[in-house]
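Shown next as structure tokens: one chain only, the form predicted alone.
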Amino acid sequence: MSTKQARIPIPFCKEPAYQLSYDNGFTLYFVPKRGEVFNINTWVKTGSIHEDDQNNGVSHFLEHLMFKGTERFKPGEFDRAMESMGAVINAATWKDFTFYYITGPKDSAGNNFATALDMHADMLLHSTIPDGEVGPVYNPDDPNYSGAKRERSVVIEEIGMRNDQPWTKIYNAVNLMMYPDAHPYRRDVIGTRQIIGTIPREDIIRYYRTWYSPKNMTTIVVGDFDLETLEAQVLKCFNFDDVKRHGVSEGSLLEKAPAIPAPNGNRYQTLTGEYATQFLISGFHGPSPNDLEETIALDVVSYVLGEGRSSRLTQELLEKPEKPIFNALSTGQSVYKLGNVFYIQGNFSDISPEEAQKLVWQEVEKLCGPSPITQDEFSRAVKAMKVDFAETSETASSIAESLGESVVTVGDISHYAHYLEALTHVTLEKVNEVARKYLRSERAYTAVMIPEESVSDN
């Protein structure tokens, strides 16, 4: 298998990262890092973004099932082997990706890493997804169903717990307003009880064989290794020649994703729940992740507006009043392949949702209008963000996860590799320009959660 190799300097690492691309589409990144800890991350470029109304939630369901054995390793063997060497394993599913990782200690003979890599790759390429581990079709009328403790019931229980969370409810309400009916980001990552409760094992296997293909998989290794030896080990373990894959490219469906329309429909929703306090989330469509300058500028805006004790929202609505108006209030930008989203979220008790939103908007409008971000605020934000970025480069796991997020959102590690340089060169003028561009009231989608008794009282 032929290889295209590139060396890419990344911040705070003494040696550059190596990118090795292969003819079958599989990509390996290696970051040399001296020390006794290694990390293996494999990112699969699929999540809810490639689901539909019939299989919504299958990416997350499959993530659970991937740990349930292969032809070589029976259920539980992987977990026991990693635990015995003191390794940490986990996985996560989101809109754009599913990823699996192992962080473990090296040993002098190299057996820990070899075992971890072998079992990690075997799980990703050869999971058998046993019918007994999937579990029977969900029957809500069967009082003994939850006792099955198979993954179907585990995920259904997780869905139930998420559905009881107020932040999840209003986030989903905002998400539904922000995207048109056919957009892949509209669906909840975890799916629904009905779909997860009835999806056949054959559909899960079909999804697995379609998206867990070499062109949709990137493995990242961080640790103290020799490149030539490492590459040989990885290619031996990630041998796609003997696996059955349909190999649909992750780009084939994304090209059909509908454009996000200008806000002209429902942009405000009130929900009720059995909670003692009230909740608010406003969402705004942001820049493309490929536009690193605007993405970073909006990160600076977020830091000044709502991150940390010195932010404007915290100072004005949390700490400045004699009695805090909000219990919690923050901002943040989520980076997605099909366009970033900026969020403002808060929890409050003693005022109406209308008053809460008005107070938040007064601060946003001041920042975007008569009181733009100052040079002092800008300098403090950039300095703090550099410190935060440096902290993500301290451990093997944080480096690997940052690289992986860059790979799935922009196609390579450039977002991470160039972030610090771009942050250094961003200007105050650009930051204020981006604030005015994206944080306009007519671009906001807002959901609030109020106690049910508030409705009955009215």
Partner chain sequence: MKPNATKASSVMSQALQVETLSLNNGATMLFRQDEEAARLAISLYFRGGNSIEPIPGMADLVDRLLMKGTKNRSQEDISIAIDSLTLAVDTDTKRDFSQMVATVLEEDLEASLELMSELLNDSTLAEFDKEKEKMVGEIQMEMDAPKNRASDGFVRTLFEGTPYNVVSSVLMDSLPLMNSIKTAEAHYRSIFRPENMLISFAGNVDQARAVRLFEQYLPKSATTQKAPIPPNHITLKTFVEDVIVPFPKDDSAQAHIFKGWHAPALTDSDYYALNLMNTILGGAGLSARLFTELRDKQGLAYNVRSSYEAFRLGGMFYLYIGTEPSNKDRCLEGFKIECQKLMDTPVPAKELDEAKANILGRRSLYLETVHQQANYLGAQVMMGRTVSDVHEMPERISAVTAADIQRVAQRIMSQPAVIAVAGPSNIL
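Positions refer to the first chain, counted from 1. Predicted, not measured: the structure shown is a model, and the values here were computed from it.
A second form of this protein, the form predicted in complex with the partner chain, is not displayed here; the remarks below concern that form.
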>> Residue-level question: is E274 within 4.5 Å of the partner chain in the model of the complex, judged on heavy atoms?
In response: yes
> With the partner left out of view, is H64 within 4.5 angstroms of the partner chain in the model of the complex by any non-hydrogen atom?
Replying inline: yes
> Is the gap between L318 and the partner chain in the model of the complex 4.5 Å or less for some heavy atom pair?
Replying inline: yes
>> Since only the chain is shown here, I'm wondering whether V431 would be in contact with the partner chain in the model of the complex (any heavy atom pair within 4.5 Å).
In response: no
>> For a quick test of understanding: in the model of the complex, does each of K14, R34 and A87 have a heavy atom within 4.5 Å of the partner chain?
In response: yes
> Where, among 232-240, 100-108, 336-344, 207-215, do residues come within 4.5 Å of the partner chain in the model of the complex by heavy atom distance?
Replying inline: 100-108
> Just one of F284, F113, F279, Y179 has a heavy atom within 4.5 angstroms of the partner chain in the model of the complex, so which one?
Replying inline: F279
> Among D79, D203, E365, D118, which has at least one heavy atom within 4.5 Å of the partner chain in the model of the complex?
Replying inline: D79
> in the model of the complex, which residues of 373-396 put a heavy atom within 4.5 Å of the partner chain?
Replying inline: R380, K383, A384, V387, A390, E391, S393, E394, T395, A396
